[in-house]
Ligand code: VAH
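Only one chain is included here, represented as structure tokens and corresponding to the form predicted alone.
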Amino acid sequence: MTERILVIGALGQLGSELVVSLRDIFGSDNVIASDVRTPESSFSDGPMEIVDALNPERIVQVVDQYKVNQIYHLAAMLSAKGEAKPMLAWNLNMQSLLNVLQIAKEKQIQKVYWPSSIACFGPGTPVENTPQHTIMDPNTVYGISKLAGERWCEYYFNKYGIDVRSLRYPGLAGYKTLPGGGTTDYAVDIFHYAIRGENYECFLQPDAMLPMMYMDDAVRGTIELMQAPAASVKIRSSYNIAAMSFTPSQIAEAIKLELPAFTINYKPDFRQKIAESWPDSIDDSAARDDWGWDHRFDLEAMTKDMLANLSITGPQNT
């Protein structure tokens, strides 16, 4: 069967890179990028549709038009923005997922991918090597929506046999897009300031340890999960996935090894409290055992690759 893949929320941090990789694998015409807004230049090599994830009729139109048999549903409002507009975030994050799951049931979609997050954990969660199965008491609307979403994904798998797959992403860092309103966005922002030769004012404390992942690993891991045999996917809520953990001061020191003149100061805001409710490190042994997950980038490798690519493409104002 030819894979016909719809990516909802394709212009976000993950989607913008995931679409490129999916098109390299399955062909540009077989991967339909979609978002609520029109891109200026992205995805000109294949189909791009305007889709509001809160409009199920529009999703169905695109599914029927392109004979879609896989959906990657990435549209969401992230942690920091969600705290500013909690009801809007809940509605977008939850209703859009339910729209996709119901459409997958009615249209017999072969596979659905939906991203969860370490935000589904909370103050009661063990902070070191957070287990796959543990206390989950999120205290942000983003985290609450991710925990609820995990339960809905597993429900649709158990009740209706929908092949739903998911990863609990840590903070993601990449050079191709600007930050999108998350608590870990400092790990993207900081590189743009460094390349411009500007001081970076960090909104987290210097010792705020958080799990992180380079975007190349996140994209590869997502596709590997979706390509794994169904029998190997034993967790249908969401898999823990990890690569590295670091603090703002540690990433600053890694940058200084490449750019010795770089400077940073710290002015923690409300995002520090969010960071304090999340784990320091993640146990992702289930993903490694079940379908062979393995990361490739550590802090040093990520720093060198980010700076090298931003030197070529040029930093942007954030």
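Everything numeric in this text was worked out from a predicted model, so none of it was measured. The first residue of the shown sequence is 1; numbering continues from there.
A second form of this protein, the form predicted together with (3R)-3-hydroxy-L-norvaline, is not displayed here; the remarks below concern that form.
| query | According to a 4.5 angstroms non-hydrogen atom cut-off, is Leu78 in contact with (3R)-3-hydroxy-L-norvaline in the model of the complex? | reply | Although (3R)-3-hydroxy-L-norvaline is absent here, Leu78 would touch it in the model of the complex, with heavy atoms inside 4.5 Å.
| query | Taking heavy atoms and a 4.5 Å cut-off, does Ile118 contact (3R)-3-hydroxy-L-norvaline in the model of the complex? | reply | Yes - in the model of the complex, heavy atoms of Ile118 and (3R)-3-hydroxy-L-norvaline come within 4.5 Å of each other.
| Heavy atom to heavy atom, is Gly171 within 4.5 Å of (3R)-3-hydroxy-L-norvaline in the model of the complex? | Residue-level check for Gly171: yes, a contact with (3R)-3-hydroxy-L-norvaline.
| How about Asn240: is it within 4.5 Å of (3R)-3-hydroxy-L-norvaline in the model of the complex, going by heavy atoms? | Asn240: no, not in contact with (3R)-3-hydroxy-L-norvaline in the model of the complex.
| message | Under a 4.5 angstroms heavy atom criterion, identify the one residue in Ser145, Ser96, Thr222, Thr183 near (3R)-3-hydroxy-L-norvaline in the model of the complex. | response | When (3R)-3-hydroxy-L-norvaline is considered in the model of the complex, the option within 4.5 Å is Thr183.
| said: Quick check for you: of 124-132, 244-252, 227-235, 110-118, which stretch puts a non-hydrogen atom within 4.5 Å of (3R)-3-hydroxy-L-norvaline in the model of the complex? | reply: Selected range: 110-118.
| task | Note that (3R)-3-hydroxy-L-norvaline is not shown here; using its position in the model of the complex, name the residues of 272-294 with a heavy atom within 4.5 Å of it, in sequence order. | result | Contacting residue: only Trp278.
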